[in-house]
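One chain comes next, on its own, written as structure tokens: the form predicted alone.
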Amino acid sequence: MWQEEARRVALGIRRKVFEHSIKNNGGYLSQACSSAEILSVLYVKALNIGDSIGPPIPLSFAGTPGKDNPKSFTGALYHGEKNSYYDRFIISPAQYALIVYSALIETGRMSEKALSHYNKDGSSVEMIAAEHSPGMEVTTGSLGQGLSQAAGIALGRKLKKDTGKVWVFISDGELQEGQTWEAFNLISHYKLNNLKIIIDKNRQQCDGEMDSVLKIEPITEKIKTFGLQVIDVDGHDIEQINNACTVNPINSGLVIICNTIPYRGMYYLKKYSPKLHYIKFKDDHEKNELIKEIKKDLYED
């Protein structure tokens, strides 16, 4: 059953990110906690994409794209070939890179050995993903650009009458960016009903809790005023996520707000609140304590 596979992938994502963070004395653990089920449902069930055509071990960075650089490539290769009927998947928060790489590995789209290239000079397996990084189709740059690019792709596909949809995964921190709201306005204006937007609402950002930096609630009501269809779900309930993903909006884009917990599956991390964006260990004692406590969640059924 797909549910069993999705749960396996979600657990595998958390384990890989945890093990890599321990090995490298820090990492984006909370993002794995909050988004594991979202990405597992997308890759296992919701996305209509082909088999990966990317190399199991990613190539080195080949330079920026352009007419004079035929060797350049994008990470979209790991989402299969592009055609009119397959979906396109845009990942906006580039700091989720390790989580995305783990999802690709767990779903057989990339070799586990790829992580040995993570954040190394000349590697495309970057810590903050760019368009050449596995799973990435565009460089989102500063937060807030991914939705605009996805909207542009969706508009192009609609004009060409492609049957494939465009999906974009964004973080709730991007809702503090004006460009995101401009994109919502464009999506509504052009009635981009071929666009589905998945938001990881974990209420955290690099400076702490969202509300301590800039309050943006009520998110659901605000997005609805732009004319988009909005569904709120438990972002750790794979059935709820999948059911929302099957909805096909009529007049505009679909927004799925996944309410998540930034220490789900690694509950010991709660002690780091509200500084959960990037976990770095002070010393070996702190690291060993974290290993001992989190292993109870991740490895003891």
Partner chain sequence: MNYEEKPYSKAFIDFAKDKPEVLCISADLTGSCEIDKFRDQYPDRFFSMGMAEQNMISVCGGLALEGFKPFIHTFAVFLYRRAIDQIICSIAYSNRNVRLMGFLPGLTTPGGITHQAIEDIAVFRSIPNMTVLETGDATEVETVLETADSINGPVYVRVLRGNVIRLFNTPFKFNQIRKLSSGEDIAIISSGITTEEAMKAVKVLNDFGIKITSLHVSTLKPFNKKQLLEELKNIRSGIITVENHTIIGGLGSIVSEIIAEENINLPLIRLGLKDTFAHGASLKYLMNEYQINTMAIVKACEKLLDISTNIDNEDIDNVEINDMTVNSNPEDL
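From a predicted model like this one, the values you see are computed outputs, not experimental measurements. Residue numbers count along the first chain shown, from 1.
Beyond the structure shown, there is the form predicted in complex with its partner chain, which is absent from this document and is the topic of what follows.
query: Which of these residues, G108, G156, G164, G208, gets a heavy atom within 4.5 Å of its partner chain in the model of the complex?
result: Checked against the cut-off, the match is G156.
Candidate from N194, Q95, Q149, S123 lying within 4.5 Å of its partner chain in the model of the complex - any heavy atom: Among N194, Q95, Q149, S123, a heavy atom within 4.5 Å of its partner chain in the model of the complex occurs only for Q149.
- prompt: Looking at the partner-bound form in the model of the complex, is S60 within 4.5 Å of its partner chain by any heavy atom?
  reply: Taking the distances in the model of the complex, the answer for S60 is no, it never comes within 4.5 Å of its partner chain.
- request: Answer yes if any heavy atom of T64 is within 4.5 Å of a heavy atom of its partner chain in the model of the complex; otherwise answer no.
  value: Yes - in the model of the complex, heavy atoms of T64 and its partner chain come within 4.5 Å of each other.
message: Would you classify Q179 as touching its partner chain in the model of the complex, given a 4.5 Å non-hydrogen atom cut-off?
response: Answer yes; at least one heavy atom of Q179 falls within 4.5 Å of its partner chain in the model of the complex.
is_contact(Y190, its partner chain) in the model of the complex, heavy atom dist at most 4.5 Å: Result yes; Y190 sits at the interface with its partner chain in the model of the complex.
- prompt: Would H236, E239 and R264 all count as contacting its partner chain in the model of the complex, using a 4.5 Å heavy atom cut-off?
  reply: No, the candidate spot makes no contact with its partner chain.
- prompt: If we take heavy atoms and a 4.5 Å cut-off, which stretch out of 197-205, 180-188, 115-123, 96-104 is in contact with its partner chain in the model of the complex?
  reply: In short, 180-188.
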